[in-house]
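This document opens with one chain alone, in structure tokens, the form predicted alone.
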Amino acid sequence: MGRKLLLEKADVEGIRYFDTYRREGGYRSVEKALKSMTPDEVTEEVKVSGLRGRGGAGFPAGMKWSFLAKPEGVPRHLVVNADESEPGTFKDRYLMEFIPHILIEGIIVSSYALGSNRSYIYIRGEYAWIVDILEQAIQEAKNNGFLGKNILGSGFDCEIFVQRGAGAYICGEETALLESLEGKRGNPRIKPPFPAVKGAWGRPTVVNNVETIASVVPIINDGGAEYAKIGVGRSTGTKLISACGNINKPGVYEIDMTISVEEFIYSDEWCGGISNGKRLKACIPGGSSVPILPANLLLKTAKGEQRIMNYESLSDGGFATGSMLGSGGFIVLDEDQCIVKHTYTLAKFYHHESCGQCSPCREGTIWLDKLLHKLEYGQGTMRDIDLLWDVQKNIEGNTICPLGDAAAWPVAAAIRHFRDEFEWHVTNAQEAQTRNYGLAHYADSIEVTA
């Protein structure tokens, strides 16, 4: 069993509430930071830790903090991105629902480092019940002197406010989130200026994901250098993974980013293997927006080469043979799953969620949706597959925010690795609507060793 930093106390009865959380060692990082560290020292510990943003981009958190402008007399803000809308991703929900105080604690320490006296949690609108949990945790922290004026006699003031979104995936993009937070339509902003210079209400702002901010707690408690010893290379610390799909044990797992993809899928400690004794066909390792990979690029090869569950290994080889750790939404597909059908489902999602601001995304996602619909329902041609490839190429890299890329990458990877399955939908049009087509040969040459 790997080391747990965020979920270590998850099974403690009553850990949702302040008294239990405090009894189990909670809020020690606040005491340490406010009583014996300067804000710059807290930031330096986060930089030393190597913590990377856990929301998808993987940008070093401490470096992002260091970019924050500090003009004299201008308020600064920390905004926590809890708009967890990436299909296949639900690890932030787990943290907020069952261990809300670790997020509140992380916000207080991070706010102290950044000089934010008013910090915000922007939460996905569908997480309505979690808003009540967070509000209760905030009030408990305030009642016990960890929020409000002059926290622990340090002279530092901090208030936390929860703002619900309205169900728009686009508001997971940090500048669209800020627009929505300000009460405007959630359209992404053109950058520069970046939020670190001109963010919420035109003030310097840092936007970080829930898991990122929660990870500040063990970093301050144990020290950045100790945190950096966990993991490998630039993939330091632990990572929460939302595992779902055709596996025996779906759920949220905390890994140290040194285990292989094969071990994660087949070990009883983690996913417990493919359900119903089926073979692995493919996996989307980092949420719906990252490229899908077939089994032969995931499992151990004859040469003993393995994919490791970390940023570098999953992206190795670029998008031709690699993917991304992304938000940690780990979606497993067995040999009976239809790649065209799943790609069509994702295309419909991104078409629906495009804000329409950029024409390549606004028009391109419509074309992706329509072309995949034709192919899935046996009405497509070989030319449609080529057109599908051209459309996704014209979307990628041509939009203000990454939603266009998120729509294009799954389509590109599906065609790249499973083109013969797309062609089957053309040559076997009558069967395409009624048959689940599984390309079992993708797993035929792979010996599962776990």
Partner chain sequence: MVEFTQEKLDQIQQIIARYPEGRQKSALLPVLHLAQEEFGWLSVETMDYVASLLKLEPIEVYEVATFYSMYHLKPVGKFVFEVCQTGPCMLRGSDEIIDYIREKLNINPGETTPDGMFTLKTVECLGACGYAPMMQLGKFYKEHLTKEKVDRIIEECRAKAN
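Positions refer to the first chain, counted from 1. Worth saying up front: this structure is predicted, and the values here are computed from it rather than measured.
Another form exists, predicted together with the partner chain; not displayed. Remarks below refer to it.
Among heavy atoms of Ser110, none comes within 4.5 Å of the partner chain in the predicted complex. In the predicted complex, the partner chain sits beyond 4.5 Å of every heavy atom of Phe194. In the predicted complex, Phe349 approaches the partner chain with a heavy atom inside 4.5 Å. Under a 4.5 angstroms non-hydrogen atom cutoff, the partner chain in the predicted complex lacks Thr236 among its neighbouring residues.
Comparing 218-226, 84-92, 259-267, 311-319 against the partner chain in the predicted complex, the single stretch with non-hydrogen atoms within 4.5 angstroms of it is 84-92. For the candidate set Thr175, Asn246, Asn209, Ser323, a heavy atom within 4.5 Å of the partner chain in the predicted complex is found for exactly one residue, namely Asn246. Though the partner chain is absent from this view, in the predicted complex it lies within 4.5 Å of a heavy atom of just one residue from Gly145, Pro250, Gly115, Gly378, which is Pro250. Annotation for 201-228: interface residues with the partner chain in the predicted complex are Trp201, Arg203 [heavy atom within 4.5 Å].
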